[in-house]
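Alright, here's a single protein chain in two forms, structure 1 and structure 2, each given by itself as structure tokens.
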Structure 1
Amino acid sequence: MSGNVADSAISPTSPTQTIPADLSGQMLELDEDDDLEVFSKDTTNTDGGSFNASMQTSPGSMINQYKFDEEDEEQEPGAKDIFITVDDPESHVTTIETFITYRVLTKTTRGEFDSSEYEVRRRYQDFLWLRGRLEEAHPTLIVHPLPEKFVMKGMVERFNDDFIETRRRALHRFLDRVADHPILSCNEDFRVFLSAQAWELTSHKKQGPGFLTRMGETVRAVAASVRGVKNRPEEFNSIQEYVEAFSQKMTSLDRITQRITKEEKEYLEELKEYAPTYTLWSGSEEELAEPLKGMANSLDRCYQETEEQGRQLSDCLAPALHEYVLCSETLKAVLRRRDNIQAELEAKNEALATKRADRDAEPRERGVVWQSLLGKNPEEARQLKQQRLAGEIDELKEEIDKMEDRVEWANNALKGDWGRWQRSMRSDLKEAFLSTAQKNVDYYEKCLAVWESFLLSMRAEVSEVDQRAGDS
């Protein structure tokens, strides 16, 4: 793959895509509780990383000091030409397994599609296959994460309505992110996923690389990761440090949000019994009947508002935070794949240097004696070795030229996608934080209004009683 392809596919990094030097320090420093309820994670890429102790730890640092640049919030120009909806989950029970399929509706004006509208049904494994193929085709592009295969700890029923709806929204976001991507959305596997019927998709899946090919790629990747990278560009070191800090902060926020959500559910269960208790009490206290009924009514209204506030946390903030916990793992995997490509290039350069040293070295005396004992002409053997080494050197040069193009493409792809991902992340988290803040303000204002109304009614009743007492 040549550098020209990379230039045409992804533009070089612009000033708006550089990494703020102090951004990783503008996040909350939070302790992680061991007993927090968190989502289970089905990930194999769990690189550890050091943490900068000099980071700011102000409780409001992430919200108050985070810089949401206006240029980062601007949407890319151009009309959207593909719209996808994931809805209508349907349960399927067979003798072997139970699974859920989702309807995927697509409307598009793109020329590579034979029709403008498609309706297919896909299960989670199909989404998993699509993501895997996108990562294989574009190893240093950031492919949005899927929801985990397993469910939240403590959830009794795997396929209850809440779980299915949460997964549906996550699958919809995944396809929407791919559809918005200028390169991933043009992938052939993505087109097939959206348009092919079930049997066609099954047939297409079988056309992928064979087991031995995948095994060979895995072995090379493992060898490259063990070998490591000697001269990683500084900009990717900065990205690595940012991702490590971002991962720790998002994980902490995710766990705390899950804990708060769990505690609010427990509080709601108690609050739900509070109003009926006051109502029963009012039946046995004639003189306190009205105040007790007023308390019951106020508590019931507060219960409804609290339930709505909890829904905001569980349906808006918690999914957004957890989504970016998974995104941080995706980013780590992308950086490893970029490093593996560079490590492979470095290994070939080392092999080329070794071959050249062998070619330029004088023939050892032992080698001459050994060739003489075998009845071969030492000079002829030396020439044959030189020819063989020359051929191997030429072959390595060609491979290195291709690898240099591949490294350049990988670097340009990641740098371009990194800036795009940052803009998307900032927009998503800003929206989640602002909507949660507004919901909290609304919640407390409504609850305050409920109790103020109760106090006014009680004062009016007391004044009425006092007036009747004075008249008598």
Structure 2
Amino acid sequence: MSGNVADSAISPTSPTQTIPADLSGQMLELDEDDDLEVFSKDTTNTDGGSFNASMQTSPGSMINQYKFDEEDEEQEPGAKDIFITVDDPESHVTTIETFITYRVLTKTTRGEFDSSEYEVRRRYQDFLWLRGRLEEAHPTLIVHPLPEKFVMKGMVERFNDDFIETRRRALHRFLDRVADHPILSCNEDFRVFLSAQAWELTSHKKQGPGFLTRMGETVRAVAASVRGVKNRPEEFNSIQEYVEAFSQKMTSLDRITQRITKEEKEYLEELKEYAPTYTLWSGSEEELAEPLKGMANSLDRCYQETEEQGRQLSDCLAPALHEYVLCSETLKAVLRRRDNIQAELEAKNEALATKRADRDAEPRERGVVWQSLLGKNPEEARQLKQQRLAGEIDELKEEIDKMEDRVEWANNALKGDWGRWQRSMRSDLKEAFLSTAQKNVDYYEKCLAVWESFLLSMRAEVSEVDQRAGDS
């Protein structure tokens, strides 16, 4: 983490009201940070809610916060200070529903946690809640996706073992990603998620912003998104293009991988019928009995190897690809939200321009006549109007100031996280493809060994036969 970032971010007056990039030195201060909690409570819905008043520091320092250098993410192995596992799925049956909880185990040395170990049980809904909160708090950061609620194709039951296992792994990955993220991992809701007991979590969840506030934000957000952004900066355009293309490719790769799994399953089914024909045949033969059994045996072993190879595909590559399909959707949402924030600013600027034009305009005939009809002095009327406009203009200017900060902050957040996301995408997918390729190499090597040993046994048989012939 770059040193200058931390320094400039922490101003003497509000030591904890910024989110410093470098956490390690700031642990203790965050401990007493109620504002952080306030901050996360104040932000409303995901699509461009109100700008939080506590973000008072200058745009300059905030820009710096989100400049992640390459080295930022490469901590020394010992530097990881929080370890999370997700395991032990358990089924719970109530009168209304049945659901699964997972054990979430946290080991940490971070100061904001009261203890160094936590064991809690969480259900999928709780994860959904957490992710929602994180997105609300940081609309233009890239929050890792959760596994899907339902899997329609293949008619996978919600409580099928494979499904639960796949989900468990994805949930684990989600928490790991949040824990790795320099900003998201400091989020109070995240801490509560990891540490609170069930009832504590329930009551904490209820402390969200009120319904009406949410409604107002939603309306504004919808209005902004309908309007659309007019002058999107070029770099976000290119990110947008990339995301569209990337999304398509991931979807294709996901589909292809699933298709391969399906074809392999069918191959295995046929192989299962094929191998026993050799065993059957060996029953009718004398000299050929051993070679035939050898064939059957070899085919059987190849069957097992193929099964295992298939598991790698469905346990490792497919989930990784699928996750990045979901990531693409996340990216699109983040870009949309950024656009909406900018759109709101643009709207306000337009409103300001209109009001200014109004103020500077020549008094209109009709307006004066109307005022005189109402018994007002035209000169007085005009002055009143100017006063009103001036007030409105000032208000708007203030709002625009805040909005500009917000836009800049949002842009920087996204830019910073974008680089970070690209790196982890590259590393994740590279890893997934590498291990798949390795598994395939292993598979073929094992099968090669199977047939080599068959050949050896055939040779051994020949010399045996010769021996017997020699003896007789």
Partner chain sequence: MADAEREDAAETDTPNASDTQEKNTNITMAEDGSTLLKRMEITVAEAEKRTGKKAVNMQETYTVYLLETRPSAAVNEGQSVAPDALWRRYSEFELLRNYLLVTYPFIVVPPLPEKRAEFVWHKLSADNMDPDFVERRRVGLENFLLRVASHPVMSSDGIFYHFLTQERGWKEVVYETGFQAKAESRLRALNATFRVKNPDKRFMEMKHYSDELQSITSQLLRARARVADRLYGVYKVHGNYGRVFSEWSAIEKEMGDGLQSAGHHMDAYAASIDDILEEEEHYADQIKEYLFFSEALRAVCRKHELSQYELETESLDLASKKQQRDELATGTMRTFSFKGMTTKLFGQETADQREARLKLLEEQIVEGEETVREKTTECEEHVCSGWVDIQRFKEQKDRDLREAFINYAFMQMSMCRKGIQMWTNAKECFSKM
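Residue numbering: structure 1 sequence, from 1. As the structure is a computational prediction, the values presented were derived from the model and not from experiment. Each form is matched to the other, and the largest set of C-alpha atoms that superpose within 1.5 Å is called the rigid core.
Two forms of the same chain are shown on their own. Structure 1 is the form predicted alone. After superposition on the rigid core, the Cα atom of Ala275 is displaced by 2 Å or more between structure 1 and structure 2. Core-superposed comparison between structure 1 and structure 2: Leu456 shows a Cα shift of 3.5 Å.
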